[in-house]
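First, one chain by itself: the form predicted on its own, in structure tokens.
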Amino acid sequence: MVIPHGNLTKAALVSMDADKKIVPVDMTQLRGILNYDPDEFVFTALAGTPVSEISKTLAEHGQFLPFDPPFSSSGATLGGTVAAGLNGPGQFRYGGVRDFIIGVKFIDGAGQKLKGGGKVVKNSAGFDFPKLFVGSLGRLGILYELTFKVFPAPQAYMTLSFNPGNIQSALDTACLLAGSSLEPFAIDIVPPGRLEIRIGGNEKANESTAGLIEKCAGFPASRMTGQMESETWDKLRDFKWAQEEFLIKVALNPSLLCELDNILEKIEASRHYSAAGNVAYISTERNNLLFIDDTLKKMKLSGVALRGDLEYPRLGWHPARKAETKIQSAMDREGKFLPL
């Protein structure tokens, strides 16, 4: 069996178990932007291209990838970002990687070169392979070329930091702002009770929006701009706060956030909540893994490990995936890739 990988910024998703005769396929040398048309807001790049390299090129034309690809400063590649289905704080406003990928080329288990989607946004003929590969963990085929649409970048950012006092109050405020018409770029909750709200636009508009957000929240916030503001989100996006061996992503319903947080607090696990409480990130040591796995199962929450040495990256509750099994069977008749 084969497993493609980039710079291993999400190493837990790549099994290197020699007993299973797994052959790693290093994609990092397959790099470079093949085509970029700023007027059409579309680019095509090879799968091993670092996200940071793409972001730098886009920034020169005032554009960006709005879903905030995580681990970019650590060397995350475009193909790895798609395979992991991982999004940064910007997903709250703009959506995730699946909303921006419009074309893929890949190699299937039989060694055939196949493609799906296209190089223009309106091209939607055939099967929607691009979205199918998002979160596939390298189990459906080897991505080697990808096409994305991009957006104009804001002229400036501002971050509002609220300190409601506890996790419940922070969540209540986050849900209030998420349901408003103010459309923040990001709403992240930092235990034990801090709320980080990011907005973007021109400086005058940001000041006006900040006032409306404070009014909606019902109390004032400290404001950050410039380098300090940028560094705050770099730390959150690239998980620089997570110092323990294992990093786990959990798909979360905000109604369960406080219950989960109380449990994690008791075992002193570091954690962070993104997308207004819809995604949890847990940083922990190995001795807590079984407990966290059992907790997620009881709460019917699904998790996936991003960092750490695990034989299989999925944790928690995972219902029968009959559709996924059938899709993989159809796409990988030779059985060359690991099961989903």
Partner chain sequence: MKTFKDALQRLRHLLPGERLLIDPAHLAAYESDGLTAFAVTPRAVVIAETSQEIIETVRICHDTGIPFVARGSGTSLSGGSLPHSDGIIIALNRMDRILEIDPRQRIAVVQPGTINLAVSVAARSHGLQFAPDPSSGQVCTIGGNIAFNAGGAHCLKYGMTSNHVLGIKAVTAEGTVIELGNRSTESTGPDLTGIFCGSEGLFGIALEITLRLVPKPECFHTVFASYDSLQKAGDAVSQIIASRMLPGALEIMDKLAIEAAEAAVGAGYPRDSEAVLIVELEGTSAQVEHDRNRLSGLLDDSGADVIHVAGDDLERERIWKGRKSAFSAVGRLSPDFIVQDGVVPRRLLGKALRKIQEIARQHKVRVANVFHAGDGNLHPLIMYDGRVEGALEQGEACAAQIVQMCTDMGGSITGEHGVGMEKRAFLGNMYSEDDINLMHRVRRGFDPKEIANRGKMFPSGEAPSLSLYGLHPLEKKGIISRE
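Numbering follows the first chain given and starts at 1. Just so you know, these numbers come straight off a predicted model, no measurement behind them.
One more form of this protein exists, namely the form predicted together with the partner chain; it is left out here, but the text below deals with it.
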Would T159 count as touching the partner chain in the model of the complex under a 4.5 Å heavy atom rule?
-> no
Would you please decide whether K322 lies within 4.5 angstroms of the partner chain in the model of the complex, comparing each non-hydrogen atom pair?
-> yes
Please check if R194 has a heavy atom lying within 4.5 Å of any heavy atom of the partner chain in the model of the complex.
-> no
Do F291 and the partner chain come within 4.5 Å of each other in the model of the complex, heavy atoms counted?
-> no
Are R198, N262 and I282 jointly within 4.5 Å of the partner chain in the model of the complex, each by at least one heavy atom?
-> no
Residues in which of 179-187, 234-242, 262-270, 219-227 have heavy atoms within 4.5 Å of the partner chain in the model of the complex?
-> 179-187
Interface residues of 299-315 toward the partner chain, as seen in the model of the complex [heavy atoms, 4.5 Å] | S302, G303, V304, R314
